[in-house]
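Here you get one chain, nothing else, as C-alpha cells; it is the form predicted alone.
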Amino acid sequence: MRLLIVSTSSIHGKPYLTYLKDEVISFFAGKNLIFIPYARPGGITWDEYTAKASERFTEWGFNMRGLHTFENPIQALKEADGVFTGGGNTFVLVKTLYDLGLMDPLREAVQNGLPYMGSSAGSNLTGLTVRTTNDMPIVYPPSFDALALVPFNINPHYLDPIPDSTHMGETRETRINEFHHFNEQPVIGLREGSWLRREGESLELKGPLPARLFRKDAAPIERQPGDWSDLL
C-alpha cells in the first residue's frame, strides 16, 4: 500500500496544500486523480470543494475529478492513478462513504495499490477507527470502523498544552488517555505540518515536527521524523 497521511491541508501563512507540493508530486506517479469531497457538511458544495482541490493539483500537473461526479464510482476507483480525501467532519465523511456503499471498495482499491492521500478527516479514515478524531459527531455513521490501512489511529491537528494557559478543559493527551481506558490500539498525535508516508512495509514520519505516540497503559512518547516502520 501507498499512503500519505497528512495532519492538515494548510499551515499558517501558506496557501492551501502548498507546503506539501514536493511531497505530493513525488507521491503520485500517475496524473489522473480522484478527489473525495464528502467530509464537508455545509457552507461549501461537493463541486466547490472539488474545484478548490483541483485548482491546486492542476497547477502541479495533475487531472482531478470529484468521486461524486462518476456514474460508476467503484469502477472509477479501480481505474484512477490516485485518490485524495480532503478534510472536514470525519463523521460526515464516514457516514457518506457507508451510505454510498463506498467504504469497502475504497479499502480494496487502496489495498490493491491505489495511492491514497488524506488530510485531517481523510487521514482519520486510514486508521482502525475514527474514535480519536477531534470532530463533533454531528451525524451518526453506521460504524466507527475506518479503512484500517494502518494498525493504529490518528489524531490530526494534535495540540500540546499551552504553558501558563488558564484553560480548564481537557487536553488532547487527556482525551486520548480516556480513549485508551476502553480501547487498545495505538494513537499517533500528528502535529500540523507533519505527515506519515507509507510505501509497502515502510512507514516514515516526515515534516519538521515530532509526533506523539500513545499506547494503552504507557507514557506517551515523542517520536522524531524518520523511520516508523516498527509500527506496521
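Residue indices: 1-based, along the sequence shown. Remember, predicted model here, so these are calculated numbers, not experimental data. Between two forms, the rigid core is the largest collection of C-alphas that superpose within 1.5 Å.
Separately, the form predicted in complex with another copy of the chain exists; it is not shown, and the next lines address it.
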Original post:
Which one of 28, 49, 179, 62 is close to another copy of the chain in the model of the complex, taking close to mean a heavy atom within 4.5 Å?
Top reply: 179
Original post:
Even though another copy of the chain is not shown here, does it sit in the model of the complex so that 92, 132 and 138 each have a heavy atom within 4.5 Å?
Top reply: yes
Original post:
Quick one: which of 52 to 60, 203 to 211, 65 to 73, 37 to 45 gets within 4.5 Å of another copy of the chain in the model of the complex, going by heavy atoms?
Top reply: 37 to 45
Original post:
Would residue 170 sit within 4.5 Å of another copy of the chain in the model of the complex, counting heavy atoms only?
Top reply: yes
Original post:
Any of the heavy atoms of residue 82 lying within 4.5 Å of another copy of the chain in the model of the complex?
Top reply: no
Original post:
Does at least one non-hydrogen atom of residue 119 fall within 4.5 angstroms of another copy of the chain in the model of the complex?
Top reply: no
Original post:
Looking in the model of the complex, any heavy atom of residue 143 within 4.5 Å of another copy of the chain?
Top reply: yes
Original post:
After a core superposition, would you say residue 61 shifts its C-alpha by at least 2 Å between this form and the one not shown?
Top reply: no
Original post:
Comparing between this form and the one not shown on the rigid core, is the C-alpha shift at residue 200 2 Å or larger?
Top reply: no
Original post:
Given that the CA-CA distance for residue 41 and residue 142 shifts by 3 Å or more in the model of the complex, does it become closer or farther?
Top reply: farther
**OP:** Since the C-alpha distance between residue 87 and residue 41 changes by 3 Å or more in the model of the complex, give its direction relative to the shown form: closer or farther.
**Re:** closer
